[in-house]
Structure formats: C-alpha cells, structure tokens
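What follows is a single chain, given as structure tokens, in the form predicted alone.
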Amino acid sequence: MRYLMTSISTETTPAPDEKLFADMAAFVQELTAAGQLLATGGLAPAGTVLTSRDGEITTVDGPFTEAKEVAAGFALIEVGSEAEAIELCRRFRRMVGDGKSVIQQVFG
C-alpha cells in the first residue's frame, strides 16, 4: 500500500538545525534501505489552484487559503498497512517537532 505523507508548516514549526538534518538523513537512509521510501522532496510555498465548474476552468494563486498552513514537503512510502504509515509519520513528527502531517493512501 502506498501512502503520501505531507508535512504542513505551522507558526510553531521550528527551523531545522544540523541535528535535524543528520536525524532526517539517517531516517531517509533507513526507509530507503527497507524499500519503504519511494520518493521525498520539498515543496515551494506558492502554487496555482485550477478549479473547473460547468466547463470553465479558473486559476488562482494557492494552494492554501491560510499562508500559515503551507505544505513544506512530502514522502511517498510503500508499507503493509495504514498503521505502519502512521507509525512512520509519528517517528517523523517526533524528529521535526511541532507541526502537522497528513497521510493519504495513494491508489493505482
């Protein structure tokens, strides 16, 4: 089962330091070696939202209505269950501190 874990920056998200970079590198290496981490990356704070309605497509700056909630990064993982995805995300949250993450199953 594939899951997309998105990390949301909040006002209380601490700035990364050298310890966090080292911890994240070890975490990424562990998950990659286990075949669980398929892709990871950071996301630009700005984006564009496309909305279609009655055949008309509009674009607006986005993707978030609140600038204080911005997806800062993602990880695509392959695990055996949602519980396993949640546990990996718990480990991530313990490492990075305050903030929010979203886990969504990827179909296909």
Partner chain sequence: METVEAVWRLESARIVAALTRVVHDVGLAEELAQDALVTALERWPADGVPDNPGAWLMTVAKRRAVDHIRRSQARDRAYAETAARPGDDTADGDERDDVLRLMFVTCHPVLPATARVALTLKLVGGLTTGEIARAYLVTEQTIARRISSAKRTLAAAGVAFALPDGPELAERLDAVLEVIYLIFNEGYTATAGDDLVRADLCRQALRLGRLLAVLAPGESEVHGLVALMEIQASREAARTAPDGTPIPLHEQNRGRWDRLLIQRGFAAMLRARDAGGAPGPYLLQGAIAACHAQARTAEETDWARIASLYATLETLRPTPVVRLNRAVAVGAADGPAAGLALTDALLDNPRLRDYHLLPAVRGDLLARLGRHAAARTELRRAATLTRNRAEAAYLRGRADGLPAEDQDRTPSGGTVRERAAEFLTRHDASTRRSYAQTLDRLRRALGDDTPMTTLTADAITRACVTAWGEAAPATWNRHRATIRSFAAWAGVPGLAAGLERRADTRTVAGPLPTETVAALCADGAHPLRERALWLLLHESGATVTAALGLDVQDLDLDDRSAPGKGVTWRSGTARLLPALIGGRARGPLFLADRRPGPARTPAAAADLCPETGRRRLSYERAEYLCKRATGATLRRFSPGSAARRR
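Numbering follows the first chain given and starts at 1. The model shown is predicted, which means the values in this text are computed figures rather than measured ones.
Below: the form predicted in complex with the partner chain, not depicted.
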Contact of Ala83 with the partner chain in the predicted bound form (heavy atom, 4.5 Å)
yes
Can any non-hydrogen atom of Gly35 be found within 4.5 angstroms of the partner chain in the predicted bound form?
yes
Using a 4.5 Å heavy atom cut-off, state whether Val70 contacts the partner chain in the predicted bound form.
no
Contact with the partner chain in the predicted bound form for Glu87, defined as at least one heavy atom pair within 4.5 Å: yes or no?
yes
Should the three residues Met1, Leu76 and Arg94 be counted as contacting the partner chain in the predicted bound form, with contact defined as a heavy atom within 4.5 Å for each?
yes
